[in-house]
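What follows is one chain in structure tokens, specifically the form predicted alone.
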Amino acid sequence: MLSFHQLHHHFVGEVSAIDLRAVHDRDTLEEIRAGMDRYAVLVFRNQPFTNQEQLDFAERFDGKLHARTSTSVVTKNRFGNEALSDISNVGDDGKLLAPDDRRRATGLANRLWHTDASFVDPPGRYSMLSARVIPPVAADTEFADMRAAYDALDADTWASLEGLTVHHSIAYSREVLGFEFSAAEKELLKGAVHPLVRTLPGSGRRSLYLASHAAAIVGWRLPEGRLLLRDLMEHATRPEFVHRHAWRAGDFVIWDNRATMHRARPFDDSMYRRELRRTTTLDIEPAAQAA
């Protein structure tokens, strides 16, 4: 039996010692999924994954992996598998990326509040980030509980949001920062439409579904729609809804993209090396395809 230590008054649980590489039984996988329904973010310490072991666990845990990343449009994956996202500041040669490298430029958008793979359909469900190399300075990740943010809204706001849908585009979130895509690249990044409020199947809770990729509310004039999205983002990322995770080498963090947003905090990436690997599953029912 696993135990969960809650790290924030709304969400985030640190899980008792376990080697996820050795977890194949349905009961333990279901226990972790139940923890995800409760805490939305789970922290596992001392998980020495290889790339293939991480891919294998992600598929065992939740099925089909997301591989249509924005980075795959810009450059070739150095691991040879687009389902293993390279959340790092080094190139194929292992050296720090140059300040003007396109891979670094698109990666800077990770500092915006976002939810992984909201720009595809089906969208991302669980993301799993493995810390391989951590710099000797703070290079943290913040998470925001979108369920608690929804709960804190008043009944009139709940009613006004009901039925609204949003177009999510990763090209939009990058272009906000001045990143330029070619016409061919933009053709591959058309985006997807999703509800602004979602009901989470495992818990039955309601959750805002927001991200820096959220470009427009369908059917609304662009200025009004973007103002509403901005206001909701400001509300949802108030300090009382946010947890900051300080990475240690070997950390493995799983989060529910339907219930949270996250962002990377800045550090001197021109001096310090930082390497993480991310796998993201797609929100396809049933929840336990691979188990």
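Just so it is clear, the model here is predicted, and its values are computed rather than measured. In this text, residue numbers run from 1 along the sequence as written.
One more form of this protein exists, namely the form predicted in complex with N-oxalylglycine; it is left out here, but the text below deals with it.
- The stretch from 106-114, 212-220, 91-99, 189-197 that comes within 4.5 Å of N-oxalylglycine in the predicted complex, counting heavy atoms only, is 106-114.
- When N-oxalylglycine is considered in the predicted complex, R278 lines it closely, a heavy atom lying within 4.5 Å.
- With a 4.5 Å cutoff on heavy atoms, D140 counts as touching N-oxalylglycine in the predicted complex.
- Shown alone here, R274 lies within 4.5 Å of N-oxalylglycine in the predicted complex, counting heavy atoms only.
- Not displayed here, N-oxalylglycine is approached by I87 to within 4.5 Å at the level of heavy atoms in the predicted complex.
- Residue A264 is the only one of M233, V242, A264, I32 with a heavy atom lying within 4.5 Å of N-oxalylglycine in the predicted complex.
- In terms of contact with N-oxalylglycine in the predicted complex, the residue from A148, L129, A83, L208 that brings a heavy atom within 4.5 Å is L129.
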